[in-house]
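Next up is one chain by itself, shown in structure tokens, the form predicted on its own.
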């Protein structure tokens, strides 16, 4: 179902003497929407204007540092004719009205927040503006053509009438919401494309911002959980005699997720946890070690059980040209967000309340309801700021654990993961292997591009969990898993970024093979693009070298002259002064489309004692109309740092079924002292906004690998990168 903005904006409701704009999705819950009623479970709608004139926007997406709050506030403020700093905001509760119209979940991912809500939120602001003007018309008797909204008030063009929005709320309550409105044109914008402040900067600076870790309902205790080091073990027995003697410890007991140690504060709980002796069921067979998994992936590449996702016929003869081939591999990766997972639960008469920073609060609600055995609407989710998400916080294992602990404890409890818990019990980016080959002809053209991908399917594991929140609660888990298994055979997350080649190659074939592993998998910033961009753009560089053509010129040869890819590549190359790097510096380039955006990057490096030193990264991005320029630049830089950390250092390995890495000492991130200067070029566009949270990540590893080849002549086909 494709929703128009008029289908999305549905109803008017009144609560607490405020002007309320309500929204309902066709086919969703028929419960009325109310704003400002804290005692009613009925959720708030997107926008309300209180009797004192305060504007409050409900944010339907999670804020994890990517700037979604500022972006959404900017869109509404533009049409409502108020300064963005004058718009308050709240994190929206779980309700069908806030379901993403594309993903059918109240989920933050896919770099879709501004892209999906861009027009909807502008309509929200414009409808509120026009309804207030209608109230002014009723109050003053003036016609619409002599009234305008400006700076939070409705004014007459001659200056004789100046009515603040607060004075118009009583009259507006009795009027229908005006939905047939014209949105402002680009030449009328005050804030879109110009506003460069963060509306959440103040609370994150003075410490008043509320993250999941800050939740503290009255009487709350703190819990840590001793989990099985492998992923499918259960508690056989435990001895807590010594742990119970630790001052402040209240209880030690087993749950279906491990042994919970509960105390008056994190430190006594963690100290006591170290004294508990636990025996877990032994690990089963199958792929339990990194070596076995890597061998299985490589063996799969040599098999013939592949599902085709693209198969374009070639014009050139299969025996013409020079055959070039390469075999690539990438490891499992952790998310390693700065704020470790946590969640707080307080039982209520018929359900519970949860405080958590979640990318999918409706999934968290569903998981909590299943653990507690109550209807979903008996679970209230208070979504908080997230100290980093990157896809990890779309899962709700932390919520399941804390609910199980609270269910047995019968007291409010906060579950806090340690850094080691976070590293060893992640939902990991899967390890993948790829074999790619193509023929390069004497004129530099390319034919018979064949790309085979082998690795485990994310969606085979994740979709059944997500569908738990999408489907009625009576739909059994087995039925949901059947859908996951079906998708796993040709998982779009495994092949994205490989089948949508922008290059005009003759005959492109892409296929995949699912290699299931007993390891939790999840979405990692840019998902399949994170590994496929590395393979594709590294191999394009190999083809350029085989053809004896400069990598930029080679790409130009195969990219349409009017394409976005050509534009961003040329912009990045120009910013980097491509081909004219200073002596001792070497450059590599990559260009990649993801999440409806196009990004090109040039990595410039030198070699110091045989090791790469990052000197500069140049980035150009076409993400449609830019709403907040500084946020787009910040997201590009953040995505690059995230990707370079993984390309240089990131690797999760397993031994006897358990993760080896435990903290930042053996899973390092790029330090400030090692992070190079970065230049970000924003290409002008009149197209609607596209994604920015993830598209900066995929091009960085191949650009780095290509720069290393320029420096050493050694082709890098494995991540993390290793010289020699």
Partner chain sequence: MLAFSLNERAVELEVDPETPLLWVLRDHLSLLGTRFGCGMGLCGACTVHLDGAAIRSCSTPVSLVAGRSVTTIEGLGGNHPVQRAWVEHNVPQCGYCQSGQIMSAAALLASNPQPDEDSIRQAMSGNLCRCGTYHKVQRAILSVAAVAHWEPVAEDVS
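Keep in mind that what you see is a predicted model, and the values were worked out from it rather than measured. Numbering follows the first chain given and starts at 1.
The discussion below concerns the form predicted together with its partner chain, not included here.
Three-residue candidate spot 265, 336 and 418; every residue lies within 4.5 angstroms of its partner chain in the predicted complex by at least one non-hydrogen atom. None of 360-368, 182-190, 203-211, 296-304 except one has non-hydrogen atoms within 4.5 angstroms of its partner chain in the predicted complex; the exception is 203-211.
Looking at residue 374, you'd find every heavy atom of it more than 4.5 angstroms from its partner chain in the predicted complex.
The shortest heavy atom separation between residue 673 and its partner chain in the predicted complex is within 4.5 Å.
At a distance threshold of 4.5 angstroms between non-hydrogen atoms, residue 165 is out of contact with its partner chain in the predicted complex. By the criterion of a heavy atom within 4.5 Å, residue 47 is excluded from the residues contacting its partner chain in the predicted complex. The single contact residue among 464, 638, 110, 412, judged by any heavy atom lying within 4.5 Å of its partner chain in the predicted complex, is 638. Distance criterion of 4.5 Å from any heavy atom to its partner chain in the predicted complex singles out 669 from the list 669, 683, 69, 56.
Along 59-73, a non-hydrogen atom within 4.5 Å of its partner chain in the predicted complex is carried by 64, 65, in order along the sequence.
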